[in-house]
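Only one chain is included here, represented as structure tokens and corresponding to the form predicted on its own.
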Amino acid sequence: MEIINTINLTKDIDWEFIDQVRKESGQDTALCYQCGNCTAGCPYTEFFDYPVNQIMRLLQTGQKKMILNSRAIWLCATCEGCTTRCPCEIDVAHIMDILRIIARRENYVSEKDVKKFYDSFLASMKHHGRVFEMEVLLGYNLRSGHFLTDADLGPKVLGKGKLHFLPTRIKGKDQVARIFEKFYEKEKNRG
């Protein structure tokens, strides 16, 4: 006999979560009528535990834990195919970003290597004002324990001048650092 997982909407609905996502994203997910265009246009659907339209439905029904524990929000490439195809003009990709931010904030991380990559990327942005690819690669490899990931590509990329050993200096580095400071201050005041 097959066991079917069902959601008890009267017990599991989190109205505050629905409102939180609406406020933080500026999007009204109630407009979604489950046409499936977002899922049809998603290049990663086959890797998700819940397709994009199901994430939207779970959000409409306030299923916070299911969403924040899902792989889909971490594997989303934010390619915006879903947003482009939405007949209701919902910025679905932005909602996925907000769900990932909330998951980070509340310590729900189903795809730890993806989070480690984001951490390396953001650390590089904060420190240099732009991405320093070598630092991102090394930071990710150290954080994840995948020390030789893409090591075979290194000589090819270096030989073409696509990867540099030193970061590029940019104007406005201090302004980028202030963006990070404002964000951290806002998050600190939120708690």
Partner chain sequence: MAETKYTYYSGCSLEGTAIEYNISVKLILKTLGVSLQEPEDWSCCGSTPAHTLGHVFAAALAARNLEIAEKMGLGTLITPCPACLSALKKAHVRMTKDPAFKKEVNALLDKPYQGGVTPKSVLQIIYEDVGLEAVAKKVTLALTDLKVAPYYGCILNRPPEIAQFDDPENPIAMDKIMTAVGVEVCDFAFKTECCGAAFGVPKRNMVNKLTYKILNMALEAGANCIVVACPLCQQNLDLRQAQVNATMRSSFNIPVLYFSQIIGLAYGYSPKELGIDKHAVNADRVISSRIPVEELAEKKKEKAKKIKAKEEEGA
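Residue numbers count along the first chain shown, from 1. Note that the structure is predicted; figures quoted are calculated from it, not measured.
Only in words, not in the display: the form predicted in complex with the partner chain, which the text now covers.
Trainee: Report the residue, out of 137, 68, 32, 58, that has at least one non-hydrogen atom within 4.5 angstroms of the partner chain in the predicted complex.
Mentor: None of the other options qualify; the answer is 137.
Trainee: Taking heavy atoms and a 4.5 Å cut-off, does residue 150 contact the partner chain in the predicted complex?
Mentor: Taking the distances in the predicted complex, the answer for residue 150 is yes, it comes within 4.5 Å of the partner chain.
Trainee: So in the predicted complex, does any heavy atom of residue 127 sit within 4.5 Å of the partner chain?
Mentor: It does not: once the partner chain is placed as it appears in the predicted complex, residue 127 has no heavy atom within 4.5 Å of it.
Trainee: Does residue 23 reach the partner chain in the predicted complex if we count a contact as any heavy atom within 4.5 Å?
Mentor: No - in the predicted complex, heavy atoms of residue 23 and the partner chain never come within 4.5 Å of each other.
Trainee: Using heavy atoms and a 4.5 Å limit, would one call residue 176 a contact residue for the partner chain in the predicted complex?
Mentor: Heavy-atom contact with the partner chain at 4.5 Å: present for residue 176.
Trainee: Candidate spot 81, 85 and 97, all three in 4.5 Å heavy atom range of the partner chain in the predicted complex?
Mentor: Yes, all three are in contact.
Trainee: Listed by sequence position, which residues of 113-129 have a non-hydrogen atom within 4.5 angstroms of the partner chain in the predicted complex?
Mentor: Sequence-ordered list: 113, 114, 117, 118, 121, 122, 125, 129.
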